[in-house]
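The chain that follows stands alone, in the form predicted on its own, written as structure tokens.
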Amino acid sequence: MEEELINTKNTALSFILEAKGERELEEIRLQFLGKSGKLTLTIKGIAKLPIEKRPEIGVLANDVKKQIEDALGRKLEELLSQTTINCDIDQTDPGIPSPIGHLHPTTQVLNETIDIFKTIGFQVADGPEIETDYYNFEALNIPKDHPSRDTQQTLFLDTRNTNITPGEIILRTQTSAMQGRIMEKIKPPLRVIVPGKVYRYEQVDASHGFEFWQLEGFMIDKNVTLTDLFGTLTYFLKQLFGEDTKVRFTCHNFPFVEPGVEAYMSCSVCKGKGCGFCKKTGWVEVLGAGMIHPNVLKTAKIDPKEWQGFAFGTGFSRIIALTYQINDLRTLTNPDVRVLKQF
């Protein structure tokens, strides 16, 4: 092994002396000192020698390694010193700046929305995007045979070769799925918003997508009325879009609220004049809401005679589009830096 170490050293030193550049020098270092380098493998073989020979060979191996490392260092300094600077280059001229990223428009509007709701006592919660049928539907008064399930356009996970009943694990279609989870763990009074991604099998166009953001919110307390809901949503929309924003409500049916309403606001893209985003009406539906159905409260073991509450949910991607006057939701998922720089 002593002869092998000496030969390795001599070979390495000769290669180092003939090296013409930094890349070649790095290749030589890896060839001899890398994890699979010649010297590294030779040193590992010391353990197989008789015990009485190991100290002597070990000292030699360390000396060989140090000589190679020193030679590499000297050669690198020599190569760097030979690098010449073109005198025609103005060294005081600033270089090309590196691009600096910033928060995505989704994050920007989400942070602002959270701040608005925090000022009126709401807490923020998060939950799983892979959800169970129970929390996404049944806990929200939507049994398996309910016709409203057809409108959810649910994406089911493949559970073949598992002990899970087919159809029980899905990609959540609404952040409302967190209502049951939260009400089971936290007893009223409570005020919560739940922002997050949801998934539906929808045709992608300027105002729809198969993956988009929602914002769920609900409040449970004593003596909560529908006017509390109207006041909360009007406050939120005017804080986010400006005091000049017009808000109106219409009756609607949702299985998990009774009565149910939809909230509309004047289109911020066209300022109410009519455009493709608002379908030429000047109004955009931004929220579905209502008083929490007694069955939902009972499922969570909350007495509806003592506690009342309201819930609301918005397609948050649409809120973002309205905030920045974007007429196509697909812009929010465009990775082109030139697009993102505009926000």
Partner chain sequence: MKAPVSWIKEYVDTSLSVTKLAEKLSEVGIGVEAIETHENETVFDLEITPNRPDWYSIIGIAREVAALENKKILLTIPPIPKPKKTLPFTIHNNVELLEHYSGVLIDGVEPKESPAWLVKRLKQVRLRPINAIVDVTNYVMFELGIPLHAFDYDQIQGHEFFVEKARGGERFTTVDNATYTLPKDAIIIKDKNRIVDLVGIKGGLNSGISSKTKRILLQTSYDNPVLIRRASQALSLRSDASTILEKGVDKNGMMGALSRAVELILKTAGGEIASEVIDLKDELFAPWKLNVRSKRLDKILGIEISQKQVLSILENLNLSPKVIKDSIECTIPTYRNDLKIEEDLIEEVARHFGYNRFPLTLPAGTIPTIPIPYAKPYKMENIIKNLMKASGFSEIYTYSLVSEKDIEEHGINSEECLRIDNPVSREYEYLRLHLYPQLMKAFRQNKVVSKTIELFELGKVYSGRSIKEAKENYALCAISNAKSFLHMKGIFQRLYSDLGIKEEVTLDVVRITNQWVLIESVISPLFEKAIHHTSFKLIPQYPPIIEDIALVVPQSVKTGGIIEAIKKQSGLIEDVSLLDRFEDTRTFHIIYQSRERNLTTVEVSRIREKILSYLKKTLRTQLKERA
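Keep in mind it's a predicted model, so treat the numbers as computed, not measured. If you superpose the two forms and keep the largest set of C-alpha atoms that fall within 1.5 Å, you have the rigid core. Positions refer to the first chain, counted from 1.
Below: the form predicted together with the partner chain, not depicted.
- Contact check for 101, 128 and 160: all three have a heavy atom within 4.5 Å of the partner chain in the model of the complex.
- Of the residues 154, 266, 214, 132, just one reaches the partner chain in the model of the complex with a heavy atom at 4.5 Å or closer; this is 154.
- Note on contacts: among 74, 146, 271, 246, the single residue with a heavy atom within 4.5 Å of the partner chain in the model of the complex is 146.
- Interface membership of residue 150, defined by any non-hydrogen atom within 4.5 Å of the partner chain in the model of the complex, is confirmed.
- Proximity of residue 304 to the partner chain in the model of the complex falls within the 4.5 Å heavy atom cutoff.
- Although the partner is absent here, residue 332 lies within 4.5 Å of the partner chain in the model of the complex, judged by heavy atoms.
- Put simply, residue 291 is close to the partner chain in the model of the complex: some heavy atom of it is within 4.5 Å.
- Contacts between stretch 97-125 and the partner chain, counted in the model of the complex as any heavy atom lying within 4.5 Å, involve 99, 100, 101, 102, 103, 104, 106, 107, 110, 111, 114, 118, 120, 121, 123, 124, 125, listed in sequence order.
- Taking the rigid core as fixed, one finds a CA shift for residue 99 of 2 Å or more between the shown form and the other one.
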